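Just one chain is shown here, as structure tokens, and it is the form predicted on its own.
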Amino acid sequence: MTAPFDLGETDRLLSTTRAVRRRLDLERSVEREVILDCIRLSQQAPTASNTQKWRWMVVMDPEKRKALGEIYGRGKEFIEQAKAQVDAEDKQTHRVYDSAGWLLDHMGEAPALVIPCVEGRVPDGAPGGMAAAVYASIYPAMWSFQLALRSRGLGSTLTTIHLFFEKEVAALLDMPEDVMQVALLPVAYTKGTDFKVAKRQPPEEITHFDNWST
């Protein structure tokens, strides 16, 4: 059967869209229309119950980016705690945490900071299924947004540290109380586009068919 897409290019996009930090070009500006194009594509992602309550907060003002970066930088202890739990032999994960530490100091320098949001909040004590439905209404769109960025020569990484200080961020950006922030994505053109496939476990080792024990 003939595939409806060019599988080589599609697979390359899917397998090389990395979490980009150090290779974000902090000196090059990002056009507003490029961000809007990527959000437009993200709106084609599926949502729970077809609710489409996604909202996007894009911060491009230099002073607000700086302030948001300072708030994010206060999460250093979380990175240090997580890194301390990693086995010393796990070099790849240590590199990831070193990169995350670098981002703590440079988040506010990214030319655009994008906060995906959802209208409405998960009630306290809500069952897991309810929370899953809310996040399922924005996470597919976030990934589509990141894929669209990659296809245009830009990069990003999904971060959540700022959520520990969500109310301060909301006050900074004059956001309503009933809008729930779910992530913070620094967005920039990348220094080169030659991202590689990451080392992962074979799917046979993590997939179960019909019975967990098989």
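Heads up: residue numbers just count along the shown sequence, starting at 1. Computed from a prediction, not measured in an experiment: that's the story for all the values here.
In what follows, reference is made to the form predicted in complex with a small molecule, a form of this protein that is not presented.
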Within 4.5 Å of the small molecule in the predicted complex, all of Arg21, Tyr139 and Leu158 (non-hydrogen atom): yes
Contact assignment for the small molecule in the predicted complex, among Ile115, Ala112, Leu103, Val134, heavy atom within 4.5 Å: Leu103
Contacting member of Val96, Val122, Val86, Ile71, with respect to the small molecule in the predicted complex [4.5 Å, heavy atom]: Val96
Segment assignment from 150-158, 168-176, 25-33, 51-59: heavy atom within 4.5 Å of the small molecule in the predicted complex: 150-158
